[in-house]
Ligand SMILES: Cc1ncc(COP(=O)(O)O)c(C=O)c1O
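This document starts with one chain, in the form predicted on its own, laid out as C-alpha cells.
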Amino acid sequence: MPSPSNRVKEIVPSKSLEIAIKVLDLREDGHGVIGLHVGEADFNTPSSILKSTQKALSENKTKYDLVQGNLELRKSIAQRFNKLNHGNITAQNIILGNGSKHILYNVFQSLLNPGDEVIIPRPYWVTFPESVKLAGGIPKFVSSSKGFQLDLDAIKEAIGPKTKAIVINSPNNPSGVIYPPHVLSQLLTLAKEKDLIIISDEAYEGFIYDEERPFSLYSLDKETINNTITVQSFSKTFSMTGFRIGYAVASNSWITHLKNLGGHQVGNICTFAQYGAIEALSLSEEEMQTHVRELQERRDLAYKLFSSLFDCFKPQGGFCLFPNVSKYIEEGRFTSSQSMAMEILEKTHVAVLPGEAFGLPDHLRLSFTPSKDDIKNAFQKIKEFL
C-alpha cells in the first residue's frame, strides 16, 4: 500500500484524542465522566436561529451559493464588525468558511511558501502549528511574559528573513488572557515595519468578563486591514458549534486569494446554515449577555476552587482555566501533565487536557463550561485524588 504524504505524516496527533477515547470507553462502561476537557458551552442554540434555519430548509434554500458566502450574511457581519470596532469594512472584506479551523487552514495555504516562518506565542491553540505545517511553513514558538501576555521583545527577536506572519489569539485559548490595546498597538507597528501579516483569532470575542470587549486590532487603526487577517466564528458567541460557520475579515486582495482557493476546495459552505447565522446577528445584546453572565459565574466558581490547588491565572475571557501544575510533576507524582491528566481521568472520572497540547507542558486546561454542580463535583474529586 502506498505511504501517506510527508505533510500528513508530520501532523502531531491531537493530545486530547487519547483523553477523548478514554472518556468514551468509560462512558460506554457505564461510568459517569465530568468533562472539563471540552471547549464548548452547554447552552442550546437560540430557538430563533433554529427556526430560521428550518425555514430556509422548508423554502428549499439548499442549492449552491457564493464561494465567498451569502451576501446578506456578509453585509450583516460587516455591520456588526463596524459597530464593535468603529470601522468601515464592507461585505467584500469578508469570506465565510466551515468554522474558523477551515479559515485558518486556507489563510496559511494562501500565505505561505515552503520554509516560511510563522511566529506563534505560547500558549497557543492546538490547530495553529499544524495548520502552518500543512502549508509547508515552520512554526516558530516564542514564550509569553507574566500572566500569559505577549512578550514583544521575544517576538521581535524571533523575526527573521523567512518570517511571514504572527498569530495571536485574544481572548486566548487556553489561558483566557486578553491582550491590552497598548500592546496590540506596538505589535501592529512592528508588523508594519517588518511587512508582516498578523493573523488575529478572535473566536472568543463574545465571552469577556469583568471589562469591556477586547480590542480588535482593527479598532486601533483602520489601515491595519492591510497587515491583518481577523478570524472569527459563530460557534462560541452564538452556541452554533455544529453549524460550522467561521469567517475572515481582510483586505480585498486577501479575500480574493482565499476565494480563489475556496472555489477549488469546498465551493460554498452549507447554504441553509447561513440563514441561521443571519438570524443570529439580529439577536439583542441582552440575549447574548445572559450566557456571558452565566459563564462568568462558572468562571468565578472554578477559579475560587481550583486556585486552592494550583497556581492559577484568572481568565479574562474564553472558556478555560490554565493552571500551573509543575509542583506536582517536580514532586515526582507524575511524569508530565499528559500522565497527570490520564491518571486524573482514570482515578476520578474527571476529564482535563494536558498542557503539552498548548505548548506549555507544566499546565492543565480545565474548562468551566459544565454546570456549577459538575464544577464543584470535579473539584472535590480532584482534590481528594491529589
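All residue numbers refer to positions in the sequence shown, first residue = 1. Not measured: the values here are computed from a predicted model.
Just so it is clear, the following notes concern the form predicted together with the ligand, a form of the same protein that is not shown.
Stretch in contact, per heavy atom within 4.5 angstroms of the ligand in the model of the complex, of 267-275, 136-144, 99-107, 75-83: Result of the contact check: 99-107.
Taking the shortest heavy atom distance, is residue 239 within 4.5 Å of the ligand in the model of the complex? So residue 239 does not count as contacting the ligand.
With the partner left out here, check for me: in the model of the complex, does some heavy atom of residue 203 sit within 4.5 Å of the ligand? Yes, contact at 4.5 Å.
Is it the case that residue 233, even though its partner is missing from this view, gets within 4.5 Å of the ligand in the model of the complex, heavy atoms only? Residue 233: yes, in contact with the ligand in the model of the complex.
Considering only heavy atoms, tell me if residue 306 and the ligand come within 4.5 Å of each other in the model of the complex. Outside the cut-off, so no.
Name the residue from 314, 244, 192, 259 that puts a heavy atom within 4.5 Å of the ligand in the model of the complex. Contact with the ligand in the model of the complex is made by 244 alone.
Residue (of 169, 216, 93, 227) lying close to the ligand in the model of the complex, criterion heavy atoms within 4.5 Å: Exactly one listed residue reaches within 4.5 Å, namely 169.
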